[in-house]
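The form predicted alone is given below as one chain in structure tokens.
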């Protein structure tokens, strides 16, 4: 590949069609599981955003967001973010999200939401650790049955809130690193009925996804069901995801308790 890397909005029907090829390459989905270019065109025309990272004429990745009207303020829901496998590891996900942030702020939008599979560590590190977004809810089996890496698994998703003018988010956008890891003494949540009485807890999750989805589907399903119960119990009493760490060799979310909800 040659040429300068540029992130910009899409300009032609051919570029919108190219997003389907990027999606299939990134996620291993069949044609029927990929958002058609016509949907992206219509959503963009109606006030959404579709932007891509180009190197020369090649599209390496793209981001797509749509207007969201069921929040109490102007909001965009970021529906798609995909990067070609041969372009991953170059920080393109961050570049695309920061382009989206600037685009939204220019239009008076200060909140962006999206969903992601909480077992994907790479996505967790991007969303929570690098972009400093937060999570306050889990959506059980959000998309229903899907193919590709999710064949046979419920499509549980974390819903992300990215408050664009939050000081931590602003610092992260300028390249400021996350705070030092100080979670060695934080208790671990292991059962929904025995949540630690602590302002901060750790929530471990299955390592090595999505590879483990294919190699050990039974273990993956059991881990997903346990994680769903734990996460929803924690969110119900006022915890929110604020960081990602590791404990005893497995990844874990850091959750801080906010608000005035009480333990039962």
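Being a predicted model, the structure only gives us computed values, none of them experimental. Numbering follows the first chain given and starts at 1.
Just so it is clear, the following notes concern the form predicted together with a small molecule, a form of the same protein that is not shown.
Think of it this way: in the predicted complex, the small molecule has a heavy atom of just one of 81, 189, 164, 186 within 4.5 Å, and the residue is 81.
Checked against the small molecule in the predicted complex, the candidates 139, 94, 105, 151 yield a single residue with a heavy atom inside 4.5 Å, and that residue is 94. Although the partner is absent here, residue 88 lies within 4.5 Å of the small molecule in the predicted complex, judged by heavy atoms. Looking at residue 145, you'd find every heavy atom of it more than 4.5 angstroms from the small molecule in the predicted complex. Contact check for residue 99: every heavy atom lies farther than 4.5 Å from the small molecule in the predicted complex.
Looking at residue 130, you'd find a heavy atom of it within 4.5 angstroms of the small molecule in the predicted complex. With the partner left out here, the small molecule still marks one of 190-198, 105-113, 68-76, 121-129 in the predicted complex; by a 4.5 Å heavy atom cut-off that stretch is 121-129.
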